[in-house]
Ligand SMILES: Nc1ncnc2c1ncn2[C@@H]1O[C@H](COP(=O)(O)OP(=O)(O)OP(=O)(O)O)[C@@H](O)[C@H]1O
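So this first bit is one chain, no partners, the form predicted on its own, shown in structure tokens.
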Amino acid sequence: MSLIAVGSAKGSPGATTVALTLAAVWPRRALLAELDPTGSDLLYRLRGVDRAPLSADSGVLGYVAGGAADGGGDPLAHSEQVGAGLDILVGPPPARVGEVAGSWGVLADRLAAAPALDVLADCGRLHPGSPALEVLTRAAAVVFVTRPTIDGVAHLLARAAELAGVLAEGTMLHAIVVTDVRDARSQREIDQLAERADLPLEVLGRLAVDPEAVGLLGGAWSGRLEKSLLIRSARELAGKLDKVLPVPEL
């Protein structure tokens, strides 16, 4: 169905957390694919439903290795579940990312073609020359994650300008601002800056800063997590993003 690329323009503003949270509340079955060329983060942050460590040999590495034999196959066959049944195609550890070199475009093509499944791809830091650009050029939507700081927004606008010429014509870039839930200014100000720069960039909204809820994401889905500012804001963002995705061809 749809491949959605999520990444950052600078540093670590929370792109992995945004991708993880959106996948957890997505309105249809979703797979979180860790396609960060610098290596996996979730491999060390999360545990499977049986509390066992996630396997570095499955996930992206297993999906790439199995491609020649099964023509791509079902990515869910190489995924693991965490928390309340969230499917994750975990990325390779940093020391093994070389095993995926040259395969990012093929991975993206196969994930974009996965039937009855939306894939949210955590692409890490998005910059010119990144292997993750192979994923972006095949994505139905590209989502930047940023903090509402002067340098964070400046990098966001610069990356959006650079990538606007790389992506397919008409591709809209979106942004999610990780900020306090009471921050009512950042979205409006970034939209105004993007409009002045004539950039195809639109802010979807805010993901609430909620460290306690982030810590609960990999475990059992509790009532406290469901009612958290993190999940409530993520559901709103997932709904907005879903509405701007192209309707898949039947």
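All residue numbers refer to positions in the sequence shown, first residue = 1. Remember, it's a predicted structure, so these values are computed and weren't measured experimentally.
There is another form of the same protein, the form predicted together with this ligand; it is not shown, and what comes next is about it.
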property	result
Joint contact, Asp36, Val209 and Leu230 to this ligand in the predicted complex, by non-hydrogen atom at 4.5 Å	yes
Proximity to this ligand in the predicted complex (heavy atom, within 4.5 Å), stretch among 22 to 30, 209 to 217, 192 to 200, 57 to 65	209 to 217
Listed residue that, although this ligand is not shown, lies within 4.5 Å of it in the predicted complex (heavy atoms), from Leu111, Val143, Val178, Leu136	Val178
Proximity of Arg147 to this ligand in the predicted complex, heavy atoms at 4.5 Å	yes
4.5 Å heavy atom contact, Gly11 and this ligand in the predicted complex	yes
Non-hydrogen atom contact Leu241 with this ligand in the predicted complex at 4.5 angstroms	no
4.5 angstroms heavy atom contact with this ligand in the predicted complex for Ala234	no
Stretch 14 to 50 - residues with a heavy atom within 4.5 Å of this ligand in the predicted complex	Gly14, Ala15, Thr16, Thr17, Asp36, Asp41, Arg45
